[in-house]
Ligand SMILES: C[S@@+](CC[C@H](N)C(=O)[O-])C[C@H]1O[C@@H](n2cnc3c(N)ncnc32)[C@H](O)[C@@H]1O
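What follows is one chain in structure tokens, specifically the form predicted on its own.
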């Protein structure tokens, strides 16, 4: 016989679940009217309650930002590189939110002493090409270098700023290998330049993430990645909230 003490809790679970479903249906009605075929995410995700991660999001005022899923995935993917030698890098830094996650992981990794390299014009985007569509314009996403420096002050001594247009300063790290690289430059040419430079310098098992992959606002970035990987054993794996990644040396089906 079922434990009768559990029945009130089970009834509460059913009622609570029905309320959540009703709320989601109501939100779906409004979302469809505003955005068309909009798809919602179930709210029963335990990482939404992760205190450490939420404190990080609050630091960058991103707890309610649409990018939280991608931030969480970076935090998870870098865990794959715990025993992979090499520095880390980000191309397209903006406020430094993703670099913060990478630097935090580097600090917690006691096996390697890694330097995190950041490449950004700090003048916003370069001139988009026709392949990039019409979403972005020159100088979008501009941020001052000193703002990023303040946001990453906790990691001073283990970070390097390489201010300039991609790929002009890549040569400064040409002799290094990398365990984790994050590309977030939105446009075709700098995305192509970035993956072209870093691919051969990725250690076996390293992870490369392209934040813009698969996003309709960044068709040029997706095209650049797919073109470069066309004859490579690795292929980009798309993430459900946008972006994609591959693991160096891990062959996957096209």
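Just so it is clear, the model here is predicted, and its values are computed rather than measured. Positions refer to the first chain, counted from 1.
Not pictured, yet referred to below: the form predicted in complex with the ligand.
Exercise for review: Could you work out which of 105, 97, 73, 173 is the residue within 4.5 angstroms of the ligand in the model of the complex, going by heavy atoms?
Suggested key: Looking at the other structure, the residue within range turns out to be 97.
Check your understanding: Does residue 93 reach the ligand in the model of the complex, with heavy atoms at most 4.5 Å apart?
Key -> Output for residue 93 is yes: heavy atoms within 4.5 Å of the ligand.
Review point. Quick one: is residue 80 in contact with the ligand in the model of the complex, heavy atoms, 4.5 Å cut-off?
Key: Taking the distances in the model of the complex, the answer for residue 80 is no, it never comes within 4.5 Å of the ligand.
Practice item. Classify residue 221 as contacting or not contacting the ligand in the model of the complex by the rule of any non-hydrogen atom within 4.5 angstroms, answering yes or no. Key: Answer no; every heavy atom of residue 221 is more than 4.5 Å from the ligand in the model of the complex.
Check your understanding: Taking heavy atoms and a 4.5 Å cut-off, does residue 121 contact the ligand in the model of the complex?
Key -> Answer yes; at least one heavy atom of residue 121 falls within 4.5 Å of the ligand in the model of the complex.
Point to revise | One stretch from 81-89, 110-118, 153-161, 179-187 that, in the model of the complex, holds residues within 4.5 Å of the ligand by heavy atom | key: Partner-contacting stretch among the options: 179-187.
Practice item. Sequence order please: the residues of 153-179 with a heavy atom within 4.5 Å of the ligand in the model of the complex. Key: 164, 165, 166 sit within 4.5 Å of the partner.
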